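In the block that follows, a single chain appears as structure tokens, in the form predicted on its own.
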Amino acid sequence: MLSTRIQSGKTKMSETQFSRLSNLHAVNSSGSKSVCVRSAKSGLKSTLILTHCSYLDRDSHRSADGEKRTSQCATGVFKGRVTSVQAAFREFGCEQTLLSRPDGSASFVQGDTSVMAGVYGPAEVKISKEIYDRATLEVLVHPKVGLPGVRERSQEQCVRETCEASLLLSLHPRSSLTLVLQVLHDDGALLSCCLNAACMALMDAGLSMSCLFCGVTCAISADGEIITDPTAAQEKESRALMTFAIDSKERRVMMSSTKGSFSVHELQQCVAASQKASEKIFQFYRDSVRRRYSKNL
């Protein structure tokens, strides 16, 4: 299931064109992974080549704002123009089973951005919201201060569509699932942090899922540099902001939320960089759950 939320006034793409971006993969003779997309109008072919760089602690470095970030490099070739993409992450942190009343809970931290999630259900559903062949999923996003607004409603829709594509809701017909996300602090990449917190909370609740998912946010600066996991200051200075939900099985794009103006080539670069960067988050998922259960044994 693919859900797109493209709000750019400069870029116009159909869902069919966008969905092909995550499916057209090839491996060249050197072992590098490439993404090839051919334009339907001009027939021109663009290729994005990702170099294999491991996420090791010794490769960590300090960014300009003093935060420890882990990085990798991607090189893109578009119409003879070579660009560089720096895929860097702030430090991750996660803790599960924080709350006693929800059936599953988790907190997720990306740098200074922090979100707490709680899952309730399966439980009894109101007759007006009952669906006879699957469970009803409700997502609530609460800001740090004040009441939810338009931004929170948009985030709720993105998280709900991603969770519905991942959860096996048909196993719980005529019931309800409620996911509550509480923003503790926002320092950039809030939507991706909400997606990661939601996935960890769903795992803690023990709900059946077809795949895991993670969120990756990319920002395009004024000079065209692509920054993954941007801070609030970097988001404010950027001309485009994109958040992708990536699945754990085939690294396909499950959901996309974009803001600002960007070219088709920049969108292709961000999709490919997000797919490659998602490996870091899924590895963190595995390490976090392994550490949790190893202590209980």
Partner chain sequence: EDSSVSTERVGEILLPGDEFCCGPKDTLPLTDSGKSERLVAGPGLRRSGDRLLVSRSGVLRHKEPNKFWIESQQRRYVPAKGETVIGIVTVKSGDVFKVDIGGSEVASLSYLAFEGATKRNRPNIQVGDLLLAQLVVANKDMEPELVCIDGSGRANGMGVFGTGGLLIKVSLGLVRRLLAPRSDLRADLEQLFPCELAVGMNGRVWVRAGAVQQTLVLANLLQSCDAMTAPQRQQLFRRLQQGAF
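Since this is a predicted model, take the numbers as computed values, not measurements. Residue numbers count along the first chain shown, from 1.
Just so it is clear, the following notes concern the form predicted in complex with the partner chain, a form of the same protein that is not shown.
At a distance threshold of 4.5 angstroms between non-hydrogen atoms, residue 155 is out of contact with the partner chain in the predicted bound form. Using a 4.5 Å cutoff between non-hydrogen atoms, residue 103 counts as a contact of the partner chain in the predicted bound form. Using a 4.5 angstroms limit between non-hydrogen atoms, residue 174 touches the partner chain in the predicted bound form. Heavy atoms of residue 137 never reach within 4.5 Å of the partner chain in the predicted bound form, leaving it off the interface. Contact annotation for 195 to 220: residues with any non-hydrogen atom within 4.5 angstroms of the partner chain in the predicted bound form are 203, 204, 205, 206, 207, 208, 209, 210, 211, 212, listed in sequence order.
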